[in-house]
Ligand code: HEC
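We begin with a single chain expressed as structure tokens, specifically the form predicted alone.
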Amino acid sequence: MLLGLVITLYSSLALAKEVYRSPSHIALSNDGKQLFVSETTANTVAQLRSVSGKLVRRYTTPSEPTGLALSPDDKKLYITTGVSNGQVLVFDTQSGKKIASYKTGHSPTAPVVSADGKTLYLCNRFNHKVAIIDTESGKTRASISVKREPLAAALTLDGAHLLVVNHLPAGAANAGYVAASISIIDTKTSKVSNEFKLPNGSNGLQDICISADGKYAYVSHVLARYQLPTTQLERGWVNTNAVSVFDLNKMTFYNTFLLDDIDLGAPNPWGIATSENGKILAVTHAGSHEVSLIDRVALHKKLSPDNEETPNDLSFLVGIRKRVKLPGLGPRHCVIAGQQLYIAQFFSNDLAVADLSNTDDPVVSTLPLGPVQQMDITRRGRFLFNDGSFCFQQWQSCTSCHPSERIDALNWDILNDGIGNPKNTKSLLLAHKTPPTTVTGCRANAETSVRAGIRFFMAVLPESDAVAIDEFLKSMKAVPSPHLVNNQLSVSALRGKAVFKKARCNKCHAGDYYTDLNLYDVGTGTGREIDTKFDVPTLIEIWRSSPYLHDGRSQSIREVMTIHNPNDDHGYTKNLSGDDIDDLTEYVLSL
């Protein structure tokens, strides 16, 4: 009897503690009648009737689903999942049965299927590669290197080119121009044929769509004003939010326009979609829980490739855009089916559905994916970290400068240690366990930095909200390095582990987190910062946080050990052989 009571109580608790579903990606069937929604933190994908919202079935994945695509006949659903054990799962959409799975390499996402259904393209985000896979055999035909963290992709209508969105800038951060880019892959040659450069400061690229006529591509992103000291938030002084446009007939960058208003930001643009009739361009604002409905015809009448001031014009969309407040929180990807716009709302366990038949006053409803749940403290911290609605004039959220809680690859002139000495953004992984949290140690710990960040870059929040953000950041887990082989150090990395001790790197990069938590002069200070002591950062996940050194001058770990360590102030590397440097680099990048 007691056992039965325990089982009943456990079952009741299990029902009460329904998982957060966190919808993120949406795939739409060709007839517009079926929706497939990735439920990120539930490790499931929901199949729904688009009109009624009725749940047809759920597909289970071994880890978070990271992307969705349908075959041209809608009979197969491709789901990317996994990190170091990345794979594509293939399901029959009629029976719901898994019919195949392919190994795809590290961190697969953004699957795209060719028009004939024979080829699957996907991004291996942390390998900085795009894989081309034969859908019949599951074999990878090619693996193509792109700039950095490919996160989204789209095929041109003729299938000749794959446009790949690189999430973050690559290269040194102390250059005059620092921005992420779009890689163009020629599908016949399986090679990168071109690159679209975005305006200086472009980062946090999220999504891409192509107009129904195939003439233009649109990409959502943050446009940082990183070359200005962070003395104010007004008028987008720190971060603005943008869409970049590309001419696909000429295969050139066209222009960039801002989603912000003069006194109201549109933080963290994410999902982007165009209507079938070409009249509407929809862009979700993940940080302010809105969607912009832009008159696309009027947009192109106003947008000129020759106007260099357009990316600075905070009034550009006046009269041709409707900002719509959504009923949920954290909008992500979106799709348009006829007159219906569907938006995944990450923090609300549902989809927003906007009727586009009247864009002046659209009716917005919801399709629930599960019961409404109260956020626990960690979930609330995650929400607050991504929420820009409480920021002064909504210009940004924490994630604007720390996408995925890591880095934006930019240098910022933060006023915590004076003005005129920009520093590279630090990853927040393990920040609470590896104080101090600023390069020069002026913030003693992560708790202090969180509260200072809220106060100086957002607005005033109650202490309980700062505590929630602390708890979220503490919950973060390191991503296994793509340099590992079967989750183990490679032969080269094992040799490098010995070199790590030989070069006395372990003197400062010591302990479980590879830092002794002290400050040292490593000879990289310049100008007024000569002889400045800098914090010893953790080396865990260092492979993900380039560029390196306090001012981001070093593009690679190898450069840290060679070009920027001429006097052996930063480990004894000057007399190491080239092979030793190679092995040491491999070891550090494997941590």
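Worth saying up front: this structure is predicted, and the values here are computed from it rather than measured. Note that residue numbering begins at 1 and tracks the sequence as displayed.
Missing here is the form predicted together with this ligand; even so, the following discussion is about that form.
**Item:** Partner-contacting position among Ser348, Thr240, Gln206, Ser397 - heavy atom within 4.5 Å of this ligand in the predicted complex
**Value:** If I apply the 4.5 Å criterion carefully, the residue I get is Ser397.
**Item:** Heavy atom within 4.5 Å of this ligand in the predicted complex - residue from Leu163, Ala352, Ala431, Val88
**Value:** When this ligand is considered in the predicted complex, the option within 4.5 Å is Ala431.
**Item:** Distance check, Ala69 to this ligand in the predicted complex, heavy atom within 4.5 Å
**Value:** Heavy-atom contact with this ligand at 4.5 Å: absent for Ala69.
**Asked** Using heavy atoms and a 4.5 Å limit, would one call Tyr177 a contact residue for this ligand in the predicted complex?
**Response** Contact check for Tyr177: no, nothing within 4.5 Å of this ligand in the predicted complex.
**Request:** Report yes if any heavy atom of Phe392 sits within 4.5 Å of a heavy atom of this ligand in the predicted complex; otherwise report no.
**Result:** Judged by the heavy-atom cut-off of 4.5 Å, Phe392 is well away from this ligand in the predicted complex.
**Prompt:** Quick one: is His402 in contact with this ligand in the predicted complex, heavy atoms, 4.5 Å cut-off?
**Reply:** His402: contacts this ligand in the predicted complex.
**Prompt:** Pick from 242-250, 260-268, 419-427, 279-287: which stretch has non-hydrogen atoms within 4.5 Å of this ligand in the predicted complex?
**Reply:** It is the stretch 419-427.
**Message:** Please tell me whether the candidate spot formed by Ile469, Tyr548 and Ile557 is one where all three residues come within 4.5 Å of this ligand in the predicted complex (heavy atoms).
**Reply:** All of them do, each having a heavy atom within 4.5 Å of the partner.
**Message:** Heavy atom within 4.5 Å of this ligand in the predicted complex: which residues of 555-591 meet that condition, in order?
**Reply:** Residues within 4.5 Å: Ile557, Val560, Met561, His570, Gly571, Thr573, Leu584, Val588.
**Asked** Do Thr231 and Asp531 move together or apart in the predicted complex, judged by C-alpha distance changing 3 Å or more?
**Response** Compared with the form shown here, the C-alpha atoms of Thr231 and Asp531 sit closer together in the predicted complex, by 3 Å or more.
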